[in-house]
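Take a look at this one chain, the form predicted on its own, written out in structure tokens.
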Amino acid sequence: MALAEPFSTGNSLLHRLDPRAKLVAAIVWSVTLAALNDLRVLLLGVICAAVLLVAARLNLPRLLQRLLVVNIFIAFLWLFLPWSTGGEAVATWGPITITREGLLLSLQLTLRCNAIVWACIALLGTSRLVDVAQALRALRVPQKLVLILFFCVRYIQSIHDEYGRMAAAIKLRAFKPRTTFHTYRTYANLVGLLLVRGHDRADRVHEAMVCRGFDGRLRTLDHRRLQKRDIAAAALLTGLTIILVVFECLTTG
């Protein structure tokens, strides 16, 4: 099965932008948002990222599914950080004390993660994986690192499909998971066989690529050039990021 790229096709402005411009903007945005702490600035970042998502005109059900996965992880932080972070007590239930600093830290992480993930989906999700790999190469990222990232993401779906076939096979043999040694041994064999089949698949893919003349470089027939709109969009997003930094400095100063 081919790698699912549900947001890479479309006719929005973000789909038409050059991947290099979007990649630079996404990196600057992510690094900057990761360093911001003021809740008002982070909230403004979430609003800006939401505007990007609206501008990308993505499939709403699939988008909500992606965002749900991220926020499920964040929900676990809300279960532990409010009472495991020291500070001023807000509420107490038996041995558990909810602190103001823990709540603020959880809220900061929630806003920060969503602002970064939303913007990256809008910027990088609207480009094909091969285009993002070409953009990395154009930005002078080492070729070997680009290939590792490309093939790692490209064949995650293949490994997942292989695991699905193996899991279905053991279920057809009346396997039911229990807390027994047989269950642990079955899952250990499943993981080991998955690694072996993944290695064999990698060998076959490499041989097929060599037979087709692969020389260690990613090639494409789509040779795009940076246009004025690409540079303007990257400058606009970078300028927006600088404005958030200025707001952070003003609020903390």
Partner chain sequence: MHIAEGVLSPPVLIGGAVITLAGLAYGLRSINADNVPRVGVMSAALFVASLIHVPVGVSSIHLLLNGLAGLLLGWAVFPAVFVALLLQTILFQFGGLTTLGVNTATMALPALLCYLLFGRLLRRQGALGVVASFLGGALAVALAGVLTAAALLLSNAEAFTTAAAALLVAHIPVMLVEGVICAFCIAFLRTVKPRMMPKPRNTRERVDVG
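Definition used throughout: the rigid core is the maximal C-alpha set that superposes within 1.5 Å between two forms. These numbers come from a predicted model, not from an experiment. Numbering follows the first chain given and starts at 1.
The next section is about a form of this same protein that is not shown, the form predicted in complex with the partner chain.
Report whether the minimum heavy atom distance between L145 and the partner chain in the predicted bound form is within 4.5 Å.
L145: contacts the partner chain in the predicted bound form.
Residue-level contact is defined here as any heavy atom of the residue lying within 4.5 Å of the partner chain in the predicted bound form; does Q227 satisfy this criterion?
Judged by the heavy-atom cut-off of 4.5 Å, Q227 is well away from the partner chain in the predicted bound form.
Can you tell me whether R178 touches the partner chain? I mean in the predicted bound form, with a 4.5 angstroms heavy atom cut-off.
Because a heavy atom of R178 falls inside 4.5 Å of the partner chain in the predicted bound form, the answer is yes.
In the predicted bound form, is there a heavy atom of the partner chain that lies within 4.5 Å of any heavy atom of I116, even though the partner is absent here?
Yes, I116 lies within 4.5 Å of the partner chain in the predicted bound form.
The unique member of L104, I159, A138, I98 whose heavy atoms fall within 4.5 Å of the partner chain in the predicted bound form
Only one option qualifies, and that one is I159.
Report the residue, out of L60, A35, V51, L39, that has at least one non-hydrogen atom within 4.5 angstroms of the partner chain in the predicted bound form.
Answer to the contact question: A35.
Select from 72 to 90 the residues with a non-hydrogen atom within 4.5 Å of the partner chain in the predicted bound form and write them out in sequence order.
F73, I74, F76, L77, F80, L81, W83, S84, T85, G86, in sequence order.
Flag for R197, CA shift 2 Å or larger between this form and the one not shown after aligning core:
True for R197: a C-alpha shift of 2 Å or more.
If the two forms are fitted on the core, does S30 show a Cα displacement reaching 2 angstroms between this form and the one not shown?
Superposed on the core, S30 moves its C-alpha less than 2 Å between this form and the one not shown.
Taking the rigid core as reference, does R62 move its C-alpha 2 Å or further between this form and the one not shown?
After core superposition, the displacement of the R62 C-alpha between this form and the one not shown stays below 2 Å, so no.
Could you tell me whether Y155 and A115 have their C-alpha atoms closer or farther apart in the predicted bound form than in the shown form, knowing the shift is 3 angstroms or more?
Note: Cα gap between Y155 and A115 widens in the predicted bound form.
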